[in-house]
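Take a look at this single chain in structure tokens; it is the form predicted on its own.
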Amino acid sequence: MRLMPVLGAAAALVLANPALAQVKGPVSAASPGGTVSVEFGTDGDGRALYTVSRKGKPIIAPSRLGFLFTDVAKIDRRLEITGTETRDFDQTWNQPWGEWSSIRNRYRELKVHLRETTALARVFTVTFRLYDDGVGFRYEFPQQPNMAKTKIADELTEFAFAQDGTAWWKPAYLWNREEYLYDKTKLSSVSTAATPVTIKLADGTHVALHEAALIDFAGMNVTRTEGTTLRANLTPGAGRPKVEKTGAWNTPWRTLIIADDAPGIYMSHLMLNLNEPNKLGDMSWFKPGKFAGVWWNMIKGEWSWARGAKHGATNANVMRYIDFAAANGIPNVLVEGWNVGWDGDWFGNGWDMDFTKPTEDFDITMLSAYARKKGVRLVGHHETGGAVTHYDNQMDRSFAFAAKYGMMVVKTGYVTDAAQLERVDPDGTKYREWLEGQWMTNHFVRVAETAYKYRVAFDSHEPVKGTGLHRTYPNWVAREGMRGMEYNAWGGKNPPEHEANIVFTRMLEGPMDFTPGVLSLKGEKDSNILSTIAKQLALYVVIYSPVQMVADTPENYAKYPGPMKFIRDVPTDWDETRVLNGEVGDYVTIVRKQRGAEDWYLGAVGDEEARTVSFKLDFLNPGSKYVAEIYRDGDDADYRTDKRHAIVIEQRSVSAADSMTLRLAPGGGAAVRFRRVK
């Protein structure tokens, strides 16, 4: 007898159909709504195979599972199914901050137990969680005599897509970590890619391949083997095994979000739901909000992080930014280059960094007190320069120092080339690690746990990719992990399609510190950013982070008081989010409802082409009247001309029964505040 789950704050957990005897034929299960299904079996050689279908159509054709080890025989052939279990789960949980205040976690779980028929007789379980918008699965190995210590050379998990299609992906294992533009190719032309990989199959179905809950494991990349088959490719560590485990262990979840279209991919909660609930505790002390910063002038090369005549983090400069923040209702001010260690060659060589020792021209006692009187907090910057063990050794006192001076958020950084992060073991032996190797994934958990002891949140740059861990460690509030605004200061700027790409790729990982809002549209040497001014406003809604930067300088914001009003108004925490329309790399329109309030905010961005976007306003509260405060591209706006600053700011009375059409200029966008009339 199956007991049906009941939706509520508590979960309903039901074991059903336990079968502990050997299963001869394939086993299958479907998501609660019957949309997504999995079939699992073994072939004539005893290889474990799984398939995934959606609405009866195959998404993943028969795909193999298994592992290579550095010291024992692989797990691949001669497997038998010894039993299965299923259960249903239905729960609604609340986020302390986020794009949605509450999230429903409803799935059907299928556990398939396997055993080798060899002398090693190793046993493990493959657990599938089936949602109506995708599936996650992982390997689970119990403690057993023949696997007391496990040394994984690689994972043999395959994703054999049943159709070719278009793939958006960025290359793995290149020198600049995750900071690459997305390639758009046929799925059958992918080489080795970092995840997430977003795919539009030939029949129009959209699939995002990624992983969830990356803890104490190596990050998963994928390599195309033949045709449209991708295989897991684990990130190396400093040693021969890519992953080492003792006793029982699990992999992260291997995830497939599946939807009819690009907006459906973004609207999935699968990544968060596959992570464990908050392990830290009370997060009421964290207040989402924007931050200004002593930063953009450094990025442009006008100021320096190092001490000297161009030093940016001086008392006078920081006080000016505090005044600007206070005058504009911005609760935080980031300061980079405030501590000793920046002089000389710090890139990949951060052993002189000390995050408790300010430079002589940065009086932290005076500045923190000055900020506090103005209702502003400082945001510290911990740049490791790749010296990760050095950071580990001072992490506790560094976060204690941050808390002492009222810093609610710290920005961390790991600037060095890929595979050059320095680890030093207790015996003094030095190693070089990859950013997404097992040792580094554990390092980031140590950062989260240590920061939380002092009620400090952190925003990691040059991070391990996001896998939904901000549910488990909710003080990990944002990360970079992609080409952000800083690339628009330099040569080789982000193209106009960039933001419409990352919404449906990088943003599936979680919050991104993109650092929007450069209203001057100028980078180094007065170079032009490939954007309109309206698009800069739209990015505050389109690219989500609970700690959004107001990236330009106070002097530049003073030149654009009209657009600056939207930046002052737009919040960074939301009750609800909806993607109204979009295509990967072309355009997207997103609306978000302000947390604890009645106003909605909309952002729309396009690519290099002019286009119009139309949508219904049925997300508004029925029966209420709203004033739409619209910031749109001027009729002659164009990122390629001197009209990139052309903007129209207007108001319109609207209701839920209305529709709206907005023109997006080449390289353009639009931002709207829907202010409820009381």
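The first residue of the shown sequence is 1; numbering continues from there. Please read all numbers here as calculations on a predicted model, not as lab measurements.
One more form of this protein exists, namely the form predicted in complex with 1-deoxynojirimycin (NOJ); it is left out here, but the text below deals with it.
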Identify which of Asp132, Asp599, Glu336, Glu178 has a heavy atom within 4.5 Å of 1-deoxynojirimycin (NOJ) in the model of the complex; exactly one of them does.
-> Glu336
Name the residue from Lys411, Arg592, Arg108, Arg506 that puts a heavy atom within 4.5 Å of 1-deoxynojirimycin (NOJ) in the model of the complex.
-> Lys411
Partner contact check in the model of the complex: of 478-486, 420-428, 238-246, 84-92, the stretch with a heavy atom within 4.5 Å of 1-deoxynojirimycin (NOJ) is 478-486
Please check if Trp305 has a heavy atom lying within 4.5 Å of any heavy atom of 1-deoxynojirimycin (NOJ) in the model of the complex.
-> yes
Considering only heavy atoms, tell me if Val415 and 1-deoxynojirimycin (NOJ) come within 4.5 Å of each other in the model of the complex.
-> yes
Interface membership of Tyr139, 1-deoxynojirimycin (NOJ) in the model of the complex, 4.5 Å heavy atom rule = no
Contact label in the model of the complex: Glu499 to 1-deoxynojirimycin (NOJ), heavy atom within 4.5 Å = no
Taking Trp342, His381 and His461 as the candidate spot, are all three within 4.5 angstroms of 1-deoxynojirimycin (NOJ) in the model of the complex by heavy atoms?
-> yes
Note that 1-deoxynojirimycin (NOJ) is not shown here; using its position in the model of the complex, name the residues of 428-453 with a heavy atom within 4.5 Å of it, in sequence order.
-> none
